[in-house]
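A single chain comes next, written as structure tokens; it is the form predicted on its own.
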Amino acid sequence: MTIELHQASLQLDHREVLSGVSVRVEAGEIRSVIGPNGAGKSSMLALLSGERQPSAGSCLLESKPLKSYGIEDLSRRLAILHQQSSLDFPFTVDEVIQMGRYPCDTSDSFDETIVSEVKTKLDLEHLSDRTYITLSGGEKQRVQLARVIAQLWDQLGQAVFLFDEPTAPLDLTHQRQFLQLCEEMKLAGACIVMVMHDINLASRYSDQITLLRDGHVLADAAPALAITESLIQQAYQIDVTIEDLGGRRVLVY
């Protein structure tokens, strides 16, 4: 499974928020999209998900135009976590996660098994019967992550996951737990794209980095090549240093 943008641009309110973006994400790859606020990161995910159509260029899934897929077909290949996932009805945690299985033509017992497996992966078993709206922000985020992952859990080798700031509300323990789960899904063949603000986390867990500023790609490469002092300074307008701590590159500012 591959997904790509080819010379894609996007205009919103007569303003070009993405300009000539070309990115190809392969199966078995974790790619992080980084950049300052307003760089076009969420807009890039909107193109990759099909929520918005490029004003120029194209978005391809398995070399076919994304817009050529029907909604049901696409939902069995691609799952997205938005930056904001509001839910105000008193569903239980299990019910919210089961929503991820709605597009799937599988039995109730099979879906229950998947929900159980994903809950275990994200440390949610003890919250199963809790009402979603009573949870903390971090707990809600893990439930939403579980819902998205459950959607394609039984077909990771043909799955594309798009996560918009997935780790922002999570504590350190659950950040690592989620990112290790992403590594597990990657090894199973999943294609994973994440918008990240924590550059050190992006560097540690990503195979490739796309660095955006003002809707343009400044870098699209392995972390060691995309996260450099000069490129980060250019993107964020801030002085930084990159240090080697025990064989791990860490950005300090």
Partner chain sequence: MSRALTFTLLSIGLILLFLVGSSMGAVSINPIQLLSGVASATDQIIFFELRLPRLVMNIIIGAGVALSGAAIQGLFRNALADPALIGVSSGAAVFAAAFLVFGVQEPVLRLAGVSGSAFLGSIVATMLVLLVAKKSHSTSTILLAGIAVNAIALSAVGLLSYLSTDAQLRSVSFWALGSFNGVTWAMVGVAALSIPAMILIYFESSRLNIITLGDREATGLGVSVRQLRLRLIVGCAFIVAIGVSQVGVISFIGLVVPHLVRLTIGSNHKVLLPASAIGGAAIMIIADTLCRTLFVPNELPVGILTALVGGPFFIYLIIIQKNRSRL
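Positions refer to the first chain, counted from 1. Quantities reported herein were computed from a predicted structural model and do not represent experimental measurements.
What comes next is about the form predicted in complex with the partner chain, which is not displayed.
With a 4.5 Å cutoff on heavy atoms, residue 51 counts as touching the partner chain in the model of the complex. Not displayed here, the partner chain is approached by residue 95 to within 4.5 Å at the level of heavy atoms in the model of the complex. The closest non-hydrogen atom of residue 85 lies within 4.5 Å of the partner chain in the model of the complex. Shown alone here, residue 99 lies within 4.5 Å of the partner chain in the model of the complex, counting heavy atoms only. Of the candidates 175, 113, 128, 75, 75 is the one whose heavy atoms come within 4.5 Å of the partner chain in the model of the complex; the others do not. Comment: 100-108 is the region of 115-123, 100-108, 176-184, 154-162 lying near the partner chain in the model of the complex, near meaning a non-hydrogen atom within 4.5 Å.
Within 4.5 Å of the partner chain in the model of the complex, a heavy atom is found for not a single one of 6, 221 and 236.
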